[in-house]
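Next up: a single chain in structure tokens, the form predicted alone.
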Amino acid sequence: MRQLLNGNEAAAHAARLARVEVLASYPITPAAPAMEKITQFIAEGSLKARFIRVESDHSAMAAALGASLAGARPFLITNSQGLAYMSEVLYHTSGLRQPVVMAVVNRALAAPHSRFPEQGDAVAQEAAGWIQLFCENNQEVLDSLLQAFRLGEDEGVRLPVMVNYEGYIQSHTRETVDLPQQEEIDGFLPLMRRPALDVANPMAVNTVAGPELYMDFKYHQDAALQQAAAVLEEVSAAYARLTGRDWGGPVAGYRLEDAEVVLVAMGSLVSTARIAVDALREEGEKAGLLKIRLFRPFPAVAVRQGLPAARAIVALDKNIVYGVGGALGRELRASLYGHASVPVFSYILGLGGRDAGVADLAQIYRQVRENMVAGLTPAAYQWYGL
């Protein structure tokens, strides 16, 4: 069934199709409409779930964690300062290996205060032990959230998943979205109960671990996170067989076979970059695109395999790690170190909702080509559009 949906509505329909049992959320712009839509489903009876009204995003994450420990399938949604406020409980959730799924409607962090999009809120939580997926359009929002539940609940993973899409660009813009049938998703995503708590047999959770145990816990947690990339490949393939839509697992390439200059992006910039690549190809340029769908764990091996002919890489970052540059630029350099001597040109653009269109990406591409011809060494990073 096809509907015209914005990203928040797509996220709400994904929660309905996944048959989430607990919605824990605190209203925050621009994520709140997704919560409102889910509560509408609950009120009309199309979703049997408990809505927990909390006093903060920190409490929302704590409620979702408690629901997961009890064996329920929780869902929540937030962004920006709300995600930052959750930070303490994000670490609890991943350390306790609970497969909580959360939608993050990426919004710039203060100060100064902003209501507009960028990916810095999610990047700031990259070390929290969560799987992080980024979506380029509203169809991928729905599909990735459905895949996120199966990915996080996989017995080889058992970790929380953060599905990111951008405020207003996606959250409030409508696109045609194909909704799977409930019966199809019930087969793809059966409800799996694995409670850690039993009221008839009380036990302590998250007790103090001494030096002889703590490091072992962290080793197994990291191993599970690394395993998530391979499981995502399997989950994506299974979803593609079900729906005919394949988002490529951890990464997806576009016109890469002979591409000499490859644009690398995640989120909404991917769709813009794809159009820019087509326009550059019409001019005779050997341009290509590598889409990063999975940011944590970063798919370093898949990235290296996806750049067969690249002479230069252009990292397009809608975030800033202060003093370091863009997160993608940093990860690409680390992934290629010791494996390839391809230069990485790192650009920061689109922060706080500033326009970054097809013409802008084409201009960045030409700047990189000029630098290559001149034999210039890439700067650590540079700002575009100031």
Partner chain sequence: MAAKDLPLVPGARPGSMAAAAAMERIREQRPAIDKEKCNLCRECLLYCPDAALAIAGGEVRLELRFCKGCGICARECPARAITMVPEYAGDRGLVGEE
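On a predicted model such as this, the values are computed, not experimentally measured, just so you know. Numbering follows the first chain given and starts at 1.
Another form, the form predicted in complex with its partner chain, is not on view; read the next lines as being about it.
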> Pick from 286, 97, 311, 274: which has a non-hydrogen atom within 4.5 Å of its partner chain in the predicted complex?
Replying inline: 97
> Considering its partner chain in the predicted complex, which of 206, 173, 226, 181 comes within 4.5 Å of it through any heavy atom?
Replying inline: 206
> Can any non-hydrogen atom of residue 212 be found within 4.5 angstroms of its partner chain in the predicted complex?
Replying inline: yes
> Taking heavy atoms only, is residue 255 within 4.5 angstroms of its partner chain in the predicted complex?
Replying inline: no
>> With the partner left out here, check for me: in the predicted complex, does some heavy atom of residue 196 sit within 4.5 Å of its partner chain?
In response: yes
> Is there a heavy atom of residue 304 no more than 4.5 Å from a heavy atom of its partner chain in the predicted complex?
Replying inline: no
> Looking at 143 to 151, 88 to 96, 312 to 320, 259 to 267, which one sits within 4.5 Å of its partner chain in the predicted complex if you count heavy atoms only?
Replying inline: 88 to 96
>> For a quick check, can you give me the residues of 158 to 176 that have a heavy atom within 4.5 Å of its partner chain in the predicted complex?
In response: 158
